[in-house]
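Only one chain is given next, in structure tokens, and it is the form predicted on its own.
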């Protein structure tokens, strides 16, 4: 029988224990099982056959996996260099004084996030159609040329996936930047105006430094999220043409559920986990997420 003092001391642990139990059940245990499966050959039925590091040796000699890593890094680079700045600029525009219909524009930019991926894929498949698509029609209308095979030519297919990522996630990231802009003291802008600073000077010397914590958080989130990109290339191009738009997450899905190589897919999953972890930790260290200064 525990004493009253002992029960009081244990009470906080009892309250927080459900989280840690669920955390272990749904995260630590699956990671452990994935790590074990990565060292086996298993088709989903029967007893996994222990193969040691064979899956990893095979993985780093697999041209498809290396292609998936390069494609994923391209998606990450595009998201950080294009999507994040685009979101910041849109947030800056939406935060402008005297803007009418601000709520309407916010809703418009946020709609892509809540749309079903199936609907998005259907819409963009129509937009990218070589003969009747909106993009080729616009190019013909403005420049007199078109006929781009957006989803059939490897380079254009990569760009198509990136444009879809830009359209889908820019509005979502804009919300974070808008929240950050609202917290910048108005006095700083007034002081900059008194000093004769223009809009560009004020943006680079007031807005950007004050948004550094938000920018760092958004950049890290985007890096980690894009490193696991799956829906956009899968629904739009199915990784094609060939493997031109194949991502690491798609590679894992294909090996696990199409080719029934669960051990091999688990090894790829472990490698992706390590890559995402390193990207996240490096970005945290470089951008200083969570630091006061």
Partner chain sequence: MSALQTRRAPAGPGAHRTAAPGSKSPATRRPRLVYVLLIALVVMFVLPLLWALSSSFKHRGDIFTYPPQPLPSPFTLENYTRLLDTQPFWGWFATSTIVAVVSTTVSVFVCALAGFAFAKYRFRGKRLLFDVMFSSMAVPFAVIVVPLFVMLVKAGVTNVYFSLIVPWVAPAFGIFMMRQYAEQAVPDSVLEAARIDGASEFGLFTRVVLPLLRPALGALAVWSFLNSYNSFFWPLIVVSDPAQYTLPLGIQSLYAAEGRQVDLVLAGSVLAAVPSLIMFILLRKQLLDGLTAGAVKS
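Residue numbers count along the first chain shown, from 1. As the structure is a prediction and not an experimental result, all values here were calculated from the model. Rigid core (definition): largest C-alpha set, two forms, superposition within 1.5 Å.
What follows is about the form predicted in complex with its partner chain, which we do not show.
The unique member of 113, 208, 77, 191 whose heavy atoms fall within 4.5 Å of its partner chain in the predicted bound form: Exactly one residue meets the criterion: 113.
Considering 51, 59, 244, 37, which brings a non-hydrogen atom within 4.5 Å of its partner chain in the predicted bound form? When its partner chain is considered in the predicted bound form, the option within 4.5 Å is 37.
Would you please decide whether residue 230 lies within 4.5 angstroms of its partner chain in the predicted bound form, comparing each non-hydrogen atom pair? Because a heavy atom of residue 230 falls inside 4.5 Å of its partner chain in the predicted bound form, the answer is yes.
Non-hydrogen atom contact residue 63 with its partner chain in the predicted bound form at 4.5 angstroms: Contact check for residue 63: no, nothing within 4.5 Å of its partner chain in the predicted bound form.
4.5 Å heavy atom contact, residue 256 to its partner chain in the predicted bound form: Yes, residue 256 sits close enough to its partner chain in the predicted bound form that at least one of its heavy atoms falls within 4.5 Å.
Heavy atom of residue 81 within 4.5 Å of its partner chain in the predicted bound form: Residue 81: no, not in contact with its partner chain in the predicted bound form.
With the partner left out here, which residues of 232-259 have a non-hydrogen atom within 4.5 Å of its partner chain in the predicted bound form? Sequence-ordered list: 234, 235, 249, 252, 253, 256, 257.
Examine residue 273 after superposing the rigid core and state whether its CA is displaced by 2 Å or more between the shown form and the other one. Where the cores coincide, residue 273 shows only a C-alpha shift between the shown form and the other one that is less than 2 Å.
Please check if residue 212 moves between the shown form and the other one, taking a CA shift of 2 Å or more relative to the superposed core as movement. Residue 212: C-alpha displaced by less than 2 Å between the shown form and the other one.
If the two forms are fitted on the core, does residue 141 show a Cα displacement reaching 2 angstroms between the shown form and the other one? Yes; that C-alpha moves by at least 2 Å between the shown form and the other one.
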